[in-house]
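A single chain comes next, written as structure tokens; it is the form predicted alone.
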Amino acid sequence: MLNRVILIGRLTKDPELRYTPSGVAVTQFTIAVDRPFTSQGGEREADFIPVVTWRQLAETCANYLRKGRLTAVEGRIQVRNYENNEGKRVYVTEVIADNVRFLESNREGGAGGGGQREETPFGGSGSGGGNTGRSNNFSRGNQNDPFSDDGKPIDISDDDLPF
């Protein structure tokens, strides 16, 4: 059996970062994915697909993704349900992403940043069990340039090197 999805679309609004009671980061956002055809009126249509990311990937997405940014998402489809305040069963279908690629930077025409320069830390971000030993120093206070020289020595382990 296989449950795998790859989507490319634009964010409809900035990601929402929250933390579970146990302190695990979770981010939710929606991407608009164009349909490969036009309607009878000649207009393009899109699907609006909810995406959820967890842990470090969630924090990275919250720090670097913005409304309008072109993004690739890879993950699995999950259907969950709950009972709302009126006692009705509500079903939610969403993509649980384990890989998010930032396909353009702010300068290339994504969301407005008011002239503020913002770059992604790398072409994308992987998550899941494969990179739990990696340590990135992303923080909200230094989100404009994560590679700025703050005068401290850089701590890089052999696991972080691509060769």
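Note that residue numbering begins at 1 and tracks the sequence as displayed. Owing to the predicted nature of the structure, the values given are computational and were not obtained by experimental measurement.
Another form, the form predicted together with the DNA, is not on view; read the next lines as being about it.
- Of the heavy atoms in F48, some are within 4.5 Å of the DNA in the predicted complex.
- Using a 4.5 angstroms limit between non-hydrogen atoms, K67 touches the DNA in the predicted complex.
- Among residues of the shown chain, D34 is one whose heavy atoms approach the DNA to within 4.5 Å in the predicted complex.
- Contact check for L11: a heavy atom falls within 4.5 Å of the DNA in the predicted complex.
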